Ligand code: HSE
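Okay, here we've got a single chain as C-alpha cells, the form predicted on its own, with questions on binding and movement later.
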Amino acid sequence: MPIASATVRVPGTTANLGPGFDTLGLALRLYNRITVRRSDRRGIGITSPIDEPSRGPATAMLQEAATAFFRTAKKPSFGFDIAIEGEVPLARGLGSSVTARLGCTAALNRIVGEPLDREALFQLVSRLEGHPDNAAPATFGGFTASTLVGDKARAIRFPVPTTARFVTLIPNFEVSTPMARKLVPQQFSKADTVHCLTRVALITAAFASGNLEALRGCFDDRIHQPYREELIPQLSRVIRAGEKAGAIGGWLSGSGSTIICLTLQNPEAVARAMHRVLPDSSMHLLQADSTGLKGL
C-alpha cells in the first residue's frame, strides 16, 4: 500500500580504480540517508541544509530523477520533500550524485508500493548518470564491473574481502566532474589503450578471485589520471607515499578530488604517509560495503 514517507541508505562509491575508466566501481562504508515525504503541493522541496548556489542544480537533478521514476514505474506523480543527510561529500569523487539519484528514486519506489525491483532501479539510475560505474556498486554493493551493452546497463558484482582497507584522503577542495572530463583526450595511443585494458582485466580477476595481493602494480593508469593531475597536483605523490608505507596501490576516486589507497595491513601508517603529502584533507579508514542500497 502507498505510504507517506520512506527512508533509504545509499553507500558512497569509488569509480575507475585507476585504469577502469567508466567501468570499475566499489561501494564504501560511507553513507548518505535519503528521506522522501509526500507533500500536498506540487514540485520538490529540499529540506536538508544545502548552500544557495547548489540548491538550483540539486533541485533540477532530483526533479529529473523523479520524473524518470514516475514515467518508468507508470505511477502518477506527486509533490514531495526530500532530505539528504550523511557522510558522502559533494564534488569529491565519492558518488554523491548517485546517492541522491538512487536515494530519491528508491524512496519514491517504496512510497508507491515498490513497482520497480533493484535491477530496474539500477537501469534507471544508470541512464540518469550517463554510465553505470557508480550506479552499480551503489545499488548492489561490493566490487562491480559494469558498462552499457546495447541500450541496457550490465553489471557483475563480486564480494570484497573484509581484510581490505580503503585509506581515503578527502582534500578540502572540490573538483568539477565536467571540467575533469574535458581534460581527458578523445583519442589514445595503442600502447596506452593496451596498457589499461590488460590492467582492468587483472583488477577484475583479482577481485573475482579474492586474491588482492595480485593487484600490486595494476592501478597504474594512462587514460584519465595523468590529465586530471592538473586539478590535483599532489595525486601521484600521495599514491607513492601510501605505497611506500605498505599499500598495494592507489587511485584517483572518480574524477577527484579524493585519493584512495588499498591496503591489507597497517592502514594507519598508510593514512599518515598520505596525509603528510596533502595535510589540508580529512582521512577515513574504510571497508567495502557489501549491501548497496538499503531501506530503513
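Position 1 is the first residue in the sequence shown; the rest follow in order. As the structure is a prediction and not an experimental result, all values here were calculated from the model.
Same protein, other form: the form predicted together with L-homoserine, not shown, and the subject of what follows.
- For the residues Asn134, Thr144, Thr105, Thr99, the 4.5 Å heavy atom test against L-homoserine in the predicted complex is passed only by Asn134.
- Remark: of stretches 233-241, 58-66, 248-256, 27-35, the one touching L-homoserine in the predicted complex is 248-256 (heavy atom within 4.5 Å).
- In the predicted complex, at least one heavy atom of Thr177 sits within 4.5 Å of a heavy atom of L-homoserine.
- In the predicted complex, Ala15 approaches L-homoserine with a heavy atom inside 4.5 Å.
- Of the heavy atoms in Arg118, none are within 4.5 Å of L-homoserine in the predicted complex.
- Put simply, Arg216 is far from L-homoserine in the predicted complex: not one heavy atom of it is within 4.5 Å.
- Residues are counted as partner-facing when one of their heavy atoms sits within 4.5 Å of L-homoserine in the predicted complex; in 179-198 only Arg181 qualifies.
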